[in-house]
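Single chain ahead, written as structure tokens, the form predicted alone.
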Amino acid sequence: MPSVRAPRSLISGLALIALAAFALWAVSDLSQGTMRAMGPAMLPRVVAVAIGVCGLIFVGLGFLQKGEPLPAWELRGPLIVGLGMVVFALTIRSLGFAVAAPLAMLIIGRGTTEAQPRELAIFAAAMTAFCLGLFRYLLDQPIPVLIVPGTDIAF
């Protein structure tokens, strides 16, 4: 049995393979379609397979190349990212994207000690404007932009 020379690569590869397997399972009941008439599962399947192949490459590199050991696990990042996702899910329909997105980004950005509050605020504002322009106006998705509770104001 070959020994693991790069544990970080091995774990990363296994995580990518698990992600790809989950994505393939999630779209298993959707139609793939054909190249002339793409179905809703074609792009997710192709991306999942590409992610899985990258995972296999990482697993192989974990056995073939010398690499970094696994660092100590910290829970701050994953917990704060999870909290930000929950906040987004709870506020998108009640307050709208213009409030939910920057709020979630500001919370998620605190998952690392390297992010500065001013940088996070600028990033959150820029990404919110970009995403609103793309999804709401260019792609015409039915995303609530701004809802003021207790009033009839809703965009």
Partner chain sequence: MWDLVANLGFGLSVALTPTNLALCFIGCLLGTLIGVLPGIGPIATIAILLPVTFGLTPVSALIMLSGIYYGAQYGGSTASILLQIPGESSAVVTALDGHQMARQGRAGIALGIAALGSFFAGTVATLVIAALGAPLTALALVFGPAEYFSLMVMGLAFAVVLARGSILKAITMILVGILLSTIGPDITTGQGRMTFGFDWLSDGLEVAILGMGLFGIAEVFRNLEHNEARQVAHGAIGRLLPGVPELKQSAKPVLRGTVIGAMLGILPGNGAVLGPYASYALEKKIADDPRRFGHGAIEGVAGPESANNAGAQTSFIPLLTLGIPPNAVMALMVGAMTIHGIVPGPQVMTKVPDLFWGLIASMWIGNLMLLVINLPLIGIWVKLLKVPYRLLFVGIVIFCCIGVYSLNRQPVDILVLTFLAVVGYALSKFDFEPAPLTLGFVLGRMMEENLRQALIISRGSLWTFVERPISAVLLALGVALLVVAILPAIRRSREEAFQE
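Positions refer to the first chain, counted from 1. Values in this document were obtained by computation on a predicted structure and should not be read as measured data.
Separately, the form predicted together with its partner chain exists; it is not shown, and the next lines address it.
Quick one: is residue 11 in contact with its partner chain in the predicted complex, heavy atoms, 4.5 Å cut-off?
Although its partner chain is absent here, residue 11 would touch it in the predicted complex, with heavy atoms inside 4.5 Å.
Residue-level question: is residue 30 within 4.5 Å of its partner chain in the predicted complex, judged on heavy atoms?
Judged by the heavy-atom cut-off of 4.5 Å, residue 30 is in contact with its partner chain in the predicted complex.
I'd like to check something about residue 108: if you look in the predicted complex, is any of its heavy atoms closer than or equal to 4.5 Å to a heavy atom of its partner chain?
Residue 108: yes, in contact with its partner chain in the predicted complex.
With the partner left out here, check for me: in the predicted complex, does some heavy atom of residue 98 sit within 4.5 Å of its partner chain?
Judged by the heavy-atom cut-off of 4.5 Å, residue 98 is well away from its partner chain in the predicted complex.
Using the arrangement in the predicted complex, list in sequence order the residues of 115-143 with any heavy atom within 4.5 angstroms of its partner chain.
If the 4.5 Å heavy-atom criterion is applied to its partner chain in the predicted complex, 115-143 yields 116, 119, 120, 123, 127, 130, 131, 134, 135, 138, 139, 140, 141, 142, 143.
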